[in-house]
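Taken one at a time, structure 1 and structure 2 that follow are two forms of one protein chain, written as structure tokens.
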Structure 1
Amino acid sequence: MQRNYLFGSEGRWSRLTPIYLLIPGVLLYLVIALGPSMATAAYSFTDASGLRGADVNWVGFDNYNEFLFEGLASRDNLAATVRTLQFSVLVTFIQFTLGLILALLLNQKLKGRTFFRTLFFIPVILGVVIQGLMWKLFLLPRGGPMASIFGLFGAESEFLGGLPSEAFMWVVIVQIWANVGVTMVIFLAGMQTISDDLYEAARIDGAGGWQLFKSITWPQLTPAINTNFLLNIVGSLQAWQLFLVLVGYKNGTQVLGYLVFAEGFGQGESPAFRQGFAAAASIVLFFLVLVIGFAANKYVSWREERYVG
């Protein structure tokens, strides 16, 4: 009934107009994003290179074989896979905790809380180039600002230029520094939705600060907790650009996302564009994200059932 005014025989608008007009947007999406995204799987079974018009041959599971089983290189690839997981666990855990602490502190009525919120959020919008270069300057080994703090304690460090394990830790720190603002604002937004009545009721029952947090804030914060947990896990598994700006493609620091870029676009040790191999590596990463994301999602719905019902 309603729609007759709009479309159909008595309608004022042609039923086809909306469809014609949505075609450009949808077509762009299919051709630039969705199509290529799905075609990654197909490319992972080929020897595609970065040369225009070069033959692309089907090579079966060769790329996967090479990635997983062949010689020393495969050992490095597996190390990169493990490192990706380490990076994700460290970043997720620390960023989640710090974000929660900052949100709890800044949810109080404090003078200057807007200033603090803005300050901690600013790196999020600056992008990896600024984030990275700012910290590269801060972490200059001899005479740099962080080096002088270390000097106060009689310590010395090469920071990003030092041992791979140390450079890796600094990237973890900068990654968290750069993104904890997002975690914080999501928690803060969640805290705004908690009704004061709940705290009032708990007060009458004589609950203390920790009990309030445990029995009201934490369960009521479930949607924000879930969002942050999933965003942090999936985001950190795929994050690698700070490695590029801060340390480059350095042995002992590679993570999977960077490996895909380096192999696929000649940015690693070899200048060859090994795009078939890179596609295989990105499918490996995709499965990692899928499995861990799925497990995290299961855990999150289990929590939700427990707390919210």
Structure 2
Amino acid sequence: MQRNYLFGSEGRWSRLTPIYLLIPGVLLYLVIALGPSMATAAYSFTDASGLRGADVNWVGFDNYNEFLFEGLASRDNLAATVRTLQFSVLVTFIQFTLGLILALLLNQKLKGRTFFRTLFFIPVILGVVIQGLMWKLFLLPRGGPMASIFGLFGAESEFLGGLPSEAFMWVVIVQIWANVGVTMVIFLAGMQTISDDLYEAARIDGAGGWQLFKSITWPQLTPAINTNFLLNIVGSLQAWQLFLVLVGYKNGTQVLGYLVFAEGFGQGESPAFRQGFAAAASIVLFFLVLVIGFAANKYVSWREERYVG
């Protein structure tokens, strides 16, 4: 007997139902994700300021030309692009390694491990502004806690207000502190899925600690490793809020994400609102994330096929 469903008879239902169910999600994606992205791409070819009543003129590739090739500002922009890559490499490598070490330690049956798991994860839930303000107070060069610690050893530092390279490294440290909890939790979740029988069998065969990690833990953690690798890369390439809260606009510290905000909302060297130029910078950042993300995804796919099959 043929059954009748909401969207037609049994035959048509089985063929068209997936399409009907996909329509709300596709429409939502078009409105929330693709729509603003297309609008940003269109804005990048204009001199839009975002101010009410201001004229918007079509300028072609002028914004891209200015960003990449015109004068000293283009050198600063390219330096910000290189700095973005440096920030991503440092954060990805250190956060990944530190998260793995913490997960390995807190996966042992140690007293107080639940407390330390919570302690390391707390920064994740604080929010970027609170994280930044906490560290800004902690790093006060006159009378702050870190200055007092440095004073014990006879050292001084301006921390965030010092050399650009020093301020940049402090932002790297805060970025890692703020997000290493997520990396740790993903590794811990992966470790919980590894059967104790594998470790027990390897110990019976005489495997030591390093051999257990190399032959069992590392291969079995492949999904968690790949997830953390991609999240760390993409997250660090897009980071900019901590630069705003901790350092503000300071030559020698800007990354591309912060440059987009500064140019769009008059926080850069010029107080003008240059949202068309900021849109062009965001498109450059988009292609940077796309290329690196694509290469990283190809690598983790190859790695997953090798270890998991």
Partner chain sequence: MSTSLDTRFKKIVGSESASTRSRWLKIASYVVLGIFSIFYIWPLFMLVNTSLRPFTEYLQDPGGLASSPSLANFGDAWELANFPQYMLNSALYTFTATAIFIASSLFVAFPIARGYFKGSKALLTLYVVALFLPPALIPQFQLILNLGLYNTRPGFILLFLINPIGMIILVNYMKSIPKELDESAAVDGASYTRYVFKVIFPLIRPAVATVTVLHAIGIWNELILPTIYLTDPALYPITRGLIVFEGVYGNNWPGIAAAVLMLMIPILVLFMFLQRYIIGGLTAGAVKG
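Quick caveat, the model's predicted, so the values are computed rather than measured. Just so we're on the same page, residue numbers count up from 1 along structure 1's sequence. Between two forms, the rigid core is the largest collection of C-alphas that superpose within 1.5 Å.
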Identify which of the two structures, 1 or 2, is the form predicted together with its partner chain.
1
After the core is overlaid between structure 1 and structure 2, has the C-alpha of Leu22 moved by 2 angstroms or more?
yes
Superpose the two forms on their rigid core, then report whether the C-alpha of Phe153 is displaced by 2 angstroms or more between structure 1 and structure 2.
yes
